[in-house]
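Here you get one chain, nothing else, as structure tokens; it is the form predicted on its own.
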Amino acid sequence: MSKINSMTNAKNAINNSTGKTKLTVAKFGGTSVANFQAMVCCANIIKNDPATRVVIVSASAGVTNHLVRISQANIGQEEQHSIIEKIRAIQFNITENFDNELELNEQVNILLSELAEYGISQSEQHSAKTTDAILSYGERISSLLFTEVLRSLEIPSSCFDVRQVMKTNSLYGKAVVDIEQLKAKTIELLAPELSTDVIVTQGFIGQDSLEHTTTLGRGGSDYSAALLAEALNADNLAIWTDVVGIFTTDPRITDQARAIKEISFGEAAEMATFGAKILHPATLIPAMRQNIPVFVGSSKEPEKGGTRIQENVESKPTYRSIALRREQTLITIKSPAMLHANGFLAKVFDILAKHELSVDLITTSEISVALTFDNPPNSTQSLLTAAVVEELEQLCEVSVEHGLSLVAVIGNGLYATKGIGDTIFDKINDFNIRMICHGASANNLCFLVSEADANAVVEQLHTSLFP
């Protein structure tokens, strides 16, 4: 049977069993599965939408942070035991709500015993492979428990190990998914189950060719959901979190921020790229390839609606939102050798590629170039290491600045809008602008400011652009 026929038959089976013609893949974040009450809210969302047949869950809130600590090489066995007990308490607070509490506790205990063994191994020899195995236990336990919550509400469901289909390379910590293998195995192993059960599975994790557990890195759970939606040719992808959609800016910066009803893929991608934490930019790539609309809403307040992200939207305002990304590093490279020289920048980028560094913003003059790099949240050290700087200094003069934030004004047709400089920069002329990037994209204008000024800059701009 061809892949296309197999998928068509799978979707027909889903339609026959649900009476619906749509298939929705839903993802619930850590706060949405933090405790029993939160899980019940999510289960009711699924119960009220029979089209939702695949559910991806993150680890219960707080668990991943504990697992990160266990994975670190400098942890002693006593502290490790204490942390595992904290994880056990989080999960047992959920299991105590079930009639089969003892059975569930035993299943959780088996997984935590495996985790303890990995932790001992990790303390003996720091390994990225072992770290990925350790980090996987949060999702593996939460998916087990959420399946039981669905069953308690008489929703037929089963827990599926996503590692059966989410095949990756062996780049532990930021594994790359084999899209073709994922599609083939999803059609073979997962799709046929959807006609009878809601499938609960894990975000963030995968498996390499040696059957070792891998993780997809930052934003991995949302990305997992989008990849599965693409592989299943789903009609919708729903990302359920703790906020009622995407806002015009971070509501923690200004109480004037407001939810956006709909937004285009291009705008959402720019927002995600430049700091809006509600979505990771990788999430939108599979959705855009397959043109799958993405919904973002609050699992705690589903009645308030949310934001719909799709290819075409009714309104395309000049200014849609303001994103902020902190902890930026600016490196300025200066050399007279750049003047009328061929290949100088190629040498610079060869060094950056060698160290697997990705540049965010870039501006150039005749003899200098300025580049920005992002320091991901929870990273223990700057990605721009001393080794990189030393290698660059063999080519040119190098200066490095920290303590900067990137502000991105997101909208439509920005490089064709007259007076945009006056509209934006006149409102914040009391602040120093360290670097400006404009013209490469119709959807953004970006600039760097001091970290100390970042909130005030965003607040003043928002008041001006979104009165």
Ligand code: ADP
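All residue numbers are counted from 1 along the displayed sequence. What you are looking at is a predicted structure, and each value in this text was computed from that prediction instead of being measured.
Absent from the display: the form predicted together with adenosine-5'-diphosphate (ADP). The rest refers to it.
Contact between G245 and adenosine-5'-diphosphate (ADP) in the predicted complex at 4.5 Å, heavy atoms? Close contact exists here: in the predicted complex, G245 approaches adenosine-5'-diphosphate (ADP) to within 4.5 Å, heavy atoms only.
Check K27 for me: does it contact adenosine-5'-diphosphate (ADP) in the predicted complex (non-hydrogen atoms, 4.5 angstroms)? Output for K27 is yes: heavy atoms within 4.5 Å of adenosine-5'-diphosphate (ADP).
At the 4.5 Å heavy atom threshold, is K354 in contact with adenosine-5'-diphosphate (ADP) in the predicted complex? Contact check for K354: no, nothing within 4.5 Å of adenosine-5'-diphosphate (ADP) in the predicted complex.
Taking 4.5 angstroms as the cut-off for heavy atoms, does W240 touch adenosine-5'-diphosphate (ADP) in the predicted complex? Residue-level check for W240: yes, a contact with adenosine-5'-diphosphate (ADP).
Listed residue (H81, R289, R252, K304) with a non-hydrogen atom within 4.5 angstroms of adenosine-5'-diphosphate (ADP) in the predicted complex: Of the listed residues, the single hit is R252.
Can you work out which of N44, T31, N412, T423 has a heavy atom no more than 4.5 Å from adenosine-5'-diphosphate (ADP) in the predicted complex? Answer to the contact question: T31.
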